[in-house]
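Heads up, the chain below is alone and in the form predicted alone; it's given as structure tokens.
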């Protein structure tokens, strides 16, 4: 298999006919010269075809380079923490992720485990700029359907959007990650309206349920590097999984986090429990027939699959108690639904 600068492997690259002339296509092909290149006519049709097996493809994911014809901006859920009154939007430069977290909703959303990569990113930026001119500032997540930081050495999407935010000062840009690839941004000056968000889990949880993601320790060191460089920083402990010994695991995880980071300079911490919408869990159970996590006795109500109410409250109390040792309560948000 072909190893990328981030340590991930791609043996095949499917190139949509319309994507062939774009500079990003040329960059990918130059960085992965040994990959087999397969011309295709319709990237979306390949990505969305029936009878695929997400997890089988995850063992050897392919890149599908495509031209996105819009819409480029999507309205985000109001449940997304939006830093005040900003309206929430997201873009999807990549669909699917180089990581393979057992609980990830993407495997319930997409038929394919391959990565669909948009090479006309400039069109997304033009749409974002047009909305900015029409409506002023808003909250924009660029990594809602992937982990762009982990892909940064192949295509510098984070860098491009950070520079975009620098030119649109009323925009609030969020980059969320489980990567330790912060060095990819080392030569960039921090931007006042860009927030980096690290998702953190106890080491044993990460090793078992977040396959391919950076270790807890390495994520924490990356977050500290970013904080010391002057970037705005948020943290996310989500989902909290009620694995054996979960109270001690998450307490120790939080304690170590704030031993390494300056809590006063962490703007916000959010946390939540495992939850999935609609029929995502049914699809995921078919992919993970041996997963104790996904085949647990979950409760379904109001189109949401999650823990029982008393279990949720127990998690909320335990995690809040640990976080209160390090943060003002106004910085802590419980996310659910």
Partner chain sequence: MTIVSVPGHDAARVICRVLKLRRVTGSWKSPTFADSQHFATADTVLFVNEQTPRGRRSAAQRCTTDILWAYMLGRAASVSRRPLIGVYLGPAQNASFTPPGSRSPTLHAALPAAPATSAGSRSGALPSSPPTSAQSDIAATPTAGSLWLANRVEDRQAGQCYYPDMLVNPGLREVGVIGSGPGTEADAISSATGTKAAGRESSGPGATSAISVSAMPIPDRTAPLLVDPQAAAFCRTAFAFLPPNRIACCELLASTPADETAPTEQQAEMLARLAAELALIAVAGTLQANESIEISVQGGSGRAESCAGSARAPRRSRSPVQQGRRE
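Positions refer to the first chain, counted from 1. Values in this document were obtained by computation on a predicted structure and should not be read as measured data.
The same protein also has a form predicted in complex with the partner chain, omitted here; what follows describes it.
- Only one of 265 to 273, 48 to 56, 298 to 306, 66 to 74 places residue heavy atoms within 4.5 angstroms of the partner chain in the predicted complex, namely 48 to 56.
- Contact with the partner chain in the predicted complex, defined as a heavy atom within 4.5 Å, is made by none of 92, 248 and 330.
- In the predicted complex, the partner chain stays beyond 4.5 Å of every heavy atom belonging to residue 138.
- When the partner chain is considered in the predicted complex, residue 12 lines it closely, a heavy atom lying within 4.5 Å.
- Heavy atoms of residue 215 reach within 4.5 Å of the partner chain in the predicted complex, making it an interface residue.
- Residue contact check for residue 227: none of its heavy atoms lie within 4.5 Å of the partner chain in the predicted complex.
- Heavy atoms closer than or equal to 4.5 Å to the partner chain in the predicted complex belong, across 185 to 215, to the residues 203, 206, 207, 208, 210, 211, 212, 213, 214, 215, ordered by sequence position.
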